[in-house]
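Here we start with a single chain on its own, the form predicted alone, put down as structure tokens.
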Amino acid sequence: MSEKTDAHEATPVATQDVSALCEAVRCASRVCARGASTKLPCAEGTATVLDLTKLSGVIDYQPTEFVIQVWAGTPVRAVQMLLAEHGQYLPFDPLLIEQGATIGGTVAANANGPERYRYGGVRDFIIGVHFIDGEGHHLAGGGKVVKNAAGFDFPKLLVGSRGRLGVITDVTFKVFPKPEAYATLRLTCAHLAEALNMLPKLTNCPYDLNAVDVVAEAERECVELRVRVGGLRGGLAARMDRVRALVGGGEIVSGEDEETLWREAREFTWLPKGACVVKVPLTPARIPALDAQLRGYARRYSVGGTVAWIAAEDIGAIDALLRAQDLPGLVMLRSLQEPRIGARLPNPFAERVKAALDPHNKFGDL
């Protein structure tokens, strides 16, 4: 992320040396950490830019312990490929893998995909972190084991911080066994209300669903309900039959066609050309009022209706709409505009933490 500062501070710092990064933070008046710039990039000429892409690679991986520690600039794709060799994966379904998203950026942006529905988000899988605070100190939080209860929970604090609390240098995750196969149920609903009425059935069912999304196109009244299930290949067909019976119909998709549906969601290939995407946390009960104002926008209600993704070119219009609904929003995908839009509630605790970790406000406002 970035803030407006003097242009003479815009020299990028790209190094594998953490001590050099600490020194750069100490000497700068404004700092912006940059990875692949897939989600929340730095604006050119606004701050001392720390290019973390050289800070890449695996520090420690113990497949039998289901724990991996990696540098912040490591591409998520490389991590997922390594984990796949051992039948494991990051269950929070990281976004924008094919566009080069890095581990540090994924944590800083809290970038979870649709499969967060089953196991939880980044916050539920990060167990350790090293980061540089606003005074150039290299600090540690958490550890390398799942059972760790010592000290303040810095790892979770940095999730979604957008680089405002410190520069993440490495992260430790717990990982899970990867499902052997997937299948998805697609059901076309005449109206949004029809799809929303099915959400309680799905969220309360005992079938261990991996993802539940509602997809709405810009100019169509009908929507599509998508339910993904993963697991052992042998039992998948029977599980999908039970899901189809639960919702009363639909088409079951598997193989490459099925993977394409969720790749589209993770990589945002459904966005119109030139559009940004706005992430809105909400509850299913708030979707009807919001959706009534979004006709003409492509949008998706993901993670069982708890996250809305809205395609938008006019961020100001979405900002006004969210404020009227008393909802917060975050602009993503390479937009250089102020990312936080919509309603903003004061958070005295966050401000105190910010003052402690970044007393000179080098990383910008929360």
Partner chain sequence: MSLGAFLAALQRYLPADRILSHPAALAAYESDALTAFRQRPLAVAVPETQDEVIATVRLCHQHRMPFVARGSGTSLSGGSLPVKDGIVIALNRLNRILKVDITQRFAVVEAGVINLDITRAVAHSGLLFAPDPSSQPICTIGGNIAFNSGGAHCLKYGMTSNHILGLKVVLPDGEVAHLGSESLENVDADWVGLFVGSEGLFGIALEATVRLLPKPETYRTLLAAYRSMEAAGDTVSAIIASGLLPGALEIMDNLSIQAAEAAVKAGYPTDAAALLIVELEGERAQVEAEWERLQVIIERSRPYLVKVAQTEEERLKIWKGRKSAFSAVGRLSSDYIVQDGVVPRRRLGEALARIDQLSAKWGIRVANVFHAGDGNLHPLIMFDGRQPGALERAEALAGEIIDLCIELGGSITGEHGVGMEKRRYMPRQFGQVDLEAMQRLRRAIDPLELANRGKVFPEGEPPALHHVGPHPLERAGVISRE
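Numbering follows the first chain given and starts at 1. From a predicted model like this one, the values you see are computed outputs, not experimental measurements.
One more form of this protein exists, namely the form predicted together with the partner chain; it is left out here, but the text below deals with it.
Residue contact with the partner chain in the model of the complex: residue 160 places a heavy atom within 4.5 Å of it. Though the partner is left out of this view, residue 190 does not reach within 4.5 Å of the partner chain in the model of the complex, counting heavy atoms only. For residue 356, a non-hydrogen atom is located within 4.5 Å of the partner chain in the model of the complex, even though that partner is not displayed. Of the heavy atoms in residue 80, none are within 4.5 Å of the partner chain in the model of the complex. Stretch-level contact check against the partner chain in the model of the complex with heavy atoms at 4.5 Å: of 123-131, 261-269, 215-223, 245-253, the positive one is 123-131.
Using a 4.5 Å heavy atom cutoff, none of 99, 296 and 316 lies near the partner chain in the model of the complex. Checked against the partner chain in the model of the complex, the candidates 277, 183, 290, 282 yield a single residue with a heavy atom inside 4.5 Å, and that residue is 282. Of all the residues from 107-123, those having a non-hydrogen atom no more than 4.5 Å from the partner chain in the model of the complex are 110, 112, 116, 117, 118, 119, 123.
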